[in-house]
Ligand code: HEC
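As a starting point, one isolated chain is supplied in structure tokens, in the form predicted on its own.
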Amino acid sequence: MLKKIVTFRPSFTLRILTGLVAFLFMLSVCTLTYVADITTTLSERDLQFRGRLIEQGARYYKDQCARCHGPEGKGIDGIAPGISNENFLGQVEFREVDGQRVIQQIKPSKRLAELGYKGTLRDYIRSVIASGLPIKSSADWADPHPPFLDSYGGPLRDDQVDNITSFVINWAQAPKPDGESILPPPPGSGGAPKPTAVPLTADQEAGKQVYLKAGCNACHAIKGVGSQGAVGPNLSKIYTLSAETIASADYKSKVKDQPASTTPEDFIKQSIHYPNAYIAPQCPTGACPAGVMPQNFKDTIPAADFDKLVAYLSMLK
């Protein structure tokens, strides 16, 4: 006996609906895959773009900020405090929140807490770069912070100020230990009584004028005499540094017929007359280059003036 085989034959309408559902399913899969891929690509490109902006900020920082805050943001004695340390920056990390890269503060800035500042770290850094500080925050610094944004009379555009801000904040991911930086005094301490400065002798005062007249302050800085020096090493403690250099094991003169100095005064004299005899290791923008300091001061500064200049520099301890 033959059995009748029953086959299912969907209607034309059902076949159309089934095909449509399958098509929509495949379209959804492709769309989700595309969105995931493009989101990943955009996220990667966003990180690359932000990285380039930070690199640009590093260049602007070197040109405009390193002369006072140092190439690594550690500060320069008598000129400006460090800005790459944990005391100032705290510590941050970057996280993705709703597709946006945002700053998460892990450790708060002690400095902003001391100042009573209620805004964000980024707001504070950007505002100081943009508009400066119209008055000195402490007697420890030679000059108040100048404005850098063009709308305040500075040399930089908004985007350049933003990039420097991003560069400085980037230090906060791994801030330098406070012991490696020059920290500002607590607020209010600038008004505390300070030791009376020892007045300059007549020869020392005359030597200070020789220093200024010879244009030494164009490249060097001395606390209280101006901070325009952005090329050569800071001379605020030149006598002490000279003594330390002479005492170091690797000190020697690099100029023929110029023996190594044995006293700080001789070291200072030799450094002016024969600048390449010893190249200081650190300048405001990095390692000190050779051949930058004029080689003819022994001919252009009269002997009597030169002795007064050395007398002035030798009291900077």
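Worth saying up front: this structure is predicted, and the values here are computed from it rather than measured. Residue indices: 1-based, along the sequence shown.
Note that the form predicted in complex with this ligand isn't included here; everything after this is about it.
- The contact residue chosen from Leu200, Leu241, Ile103, Ala206 relative to this ligand in the predicted complex is Leu241, the criterion being a non-hydrogen atom within 4.5 angstroms.
- Highlighted residues Tyr117, Ser131 and Ala221: none comes within 4.5 Å of this ligand in the predicted complex, counting any heavy atom.
- When contacts are judged by a 4.5 Å heavy atom cut-off, Asp143 counts as touching this ligand in the predicted complex.
- This ligand in the predicted complex is approached by Leu235, whose closest heavy atom lies within 4.5 angstroms of it.
- For the chain shown alone, Phe94 is not a contact residue for this ligand in the predicted complex, no non-hydrogen atom being within 4.5 angstroms.
- When contacts are judged by a 4.5 Å heavy atom cut-off, Pro177 does not count as touching this ligand in the predicted complex.
- Contacts between stretch 80 to 96 and this ligand, counted in the predicted complex as any heavy atom lying within 4.5 Å, involve Ala80, Pro81, Ile83, Phe88, listed in sequence order.
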